[in-house]
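We begin with a single chain expressed as structure tokens, specifically the form predicted on its own.
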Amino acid sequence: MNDRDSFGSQFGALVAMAGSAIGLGNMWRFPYLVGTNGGAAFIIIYIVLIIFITLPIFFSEYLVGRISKANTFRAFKKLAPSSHWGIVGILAAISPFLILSFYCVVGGWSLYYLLKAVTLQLESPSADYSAMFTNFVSGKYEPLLFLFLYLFLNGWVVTSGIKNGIEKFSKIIMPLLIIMVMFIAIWSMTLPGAGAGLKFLFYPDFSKVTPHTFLAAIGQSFFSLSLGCGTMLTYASYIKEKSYVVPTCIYTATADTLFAILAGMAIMPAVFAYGISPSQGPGLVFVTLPYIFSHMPLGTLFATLFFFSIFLAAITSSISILEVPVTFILEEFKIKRKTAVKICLSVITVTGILCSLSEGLLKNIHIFGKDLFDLFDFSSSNIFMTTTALLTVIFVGWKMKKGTVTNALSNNGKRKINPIYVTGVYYTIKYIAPVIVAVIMIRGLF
């Protein structure tokens, strides 16, 4: 398509890709994984695995999109015509529907808590914040209202396109998000007793490292960089040729990792300052932190900033996930972007309602022992995303020619990159990455 949209600048592409990677995985999942896996030791392992394992997998998805300049399905069909590899693109186009079904529910929760903070309903030290959370998520109507609002905001951004929608939005939101979380982190580190939280984050205790720590770290890096759901492939297809592959991927992974650590610095010092266990799990954000905010000076202000940050982190990721099926539908069926967005949101609205109600009205419905929220989470993360990622690295490592891959990494020789590094990346994609992804898949299934 000659009139195919694209990012208007390299900076715009970088902030959009960083926004895709920076999401609930950083603000919500990373801090509690650090808390339950030994603090700094987990962070060190996480960074090492990002550099040597996850980044080459990231390159694979990026290269498929960069070379093909097409949606997930068309990308594999162009690079491997007269083959069945297009099924990988179909899997990548289905994953976002599953992910957004529960992800947007949690995005709606962030809006609810933001409203609670703004209306001064998170400042009572005696409030039962666990009951507040349970009562809200199990409600019939209120969580659906916030789900619909969150979906509308996603649709509003994506309908405007790549350059005028996602890029413009990301250029404004990402700097704002980083400034807000930095502000919260600085404040958190000034609290009495916050030093224990910083020690927990940055002083490694390798005696707590187990095989599970490595699996949790690689799984988190995989989740955080949105691998296996077509987002990076789709975004890469919209990036102009003059943008260099390796630096773009490295900058994105670096921004994602630094932001995750920054989020930990915003949360853990406050957790330790108020004598809360760092291993609170998923309830850390929506139960523990409101309790902490209610006990501190200017707690309402920081609660507002925090939940606004949660919302911004969530939506920068969800718009990138939504863009995957939107691009697929508008290019394969030759329809307008606005219509494609409506089709996608209609499906996600139905499945999102089911996921939301599974916390209350439909809580007794279980499939394979899981409620609907957990089923969508499990099937997307442990089946569709891992399968797509596994097939993608096999495709790049075994189906594509080595010269095609190495030339793309160096932008056809326009970027001088150490040949040893390029060869290392290629053989990691070819031999190591499939094994690692397979391990993640097996671990997730069993």
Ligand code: PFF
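Quick caveat: nothing in here was measured; it's all calculated off a predicted structure. Start at 1 with the first residue shown and count on from there.
Beyond what is shown, the protein has a form predicted in complex with the ligand; the following relates to that form.
When the ligand is considered in the predicted complex, only one residue from S237, S226, T327, T252 comes within 4.5 Å through any heavy atom, namely S226. Shown without its partner, this chain lists S317, S170, N71, S101 as candidates; in the predicted complex, only S317 has a non-hydrogen atom within 4.5 angstroms of the ligand. In the predicted complex, at least one heavy atom of I321 sits within 4.5 Å of a heavy atom of the ligand.
Proximity of S60 to the ligand in the predicted complex: non-hydrogen atoms within 4.5 Å are absent; the residue sits far from the partner.
Heavy atoms of I429 never reach within 4.5 Å of the ligand in the predicted complex, leaving it off the interface.
Contact check for T231: a heavy atom falls within 4.5 Å of the ligand in the predicted complex. Residues within 4.5 angstroms of the ligand in the predicted complex, judged by any non-hydrogen atom, belong to 20-28 and to none of the other stretches in 5-13, 20-28, 434-442, 418-426.
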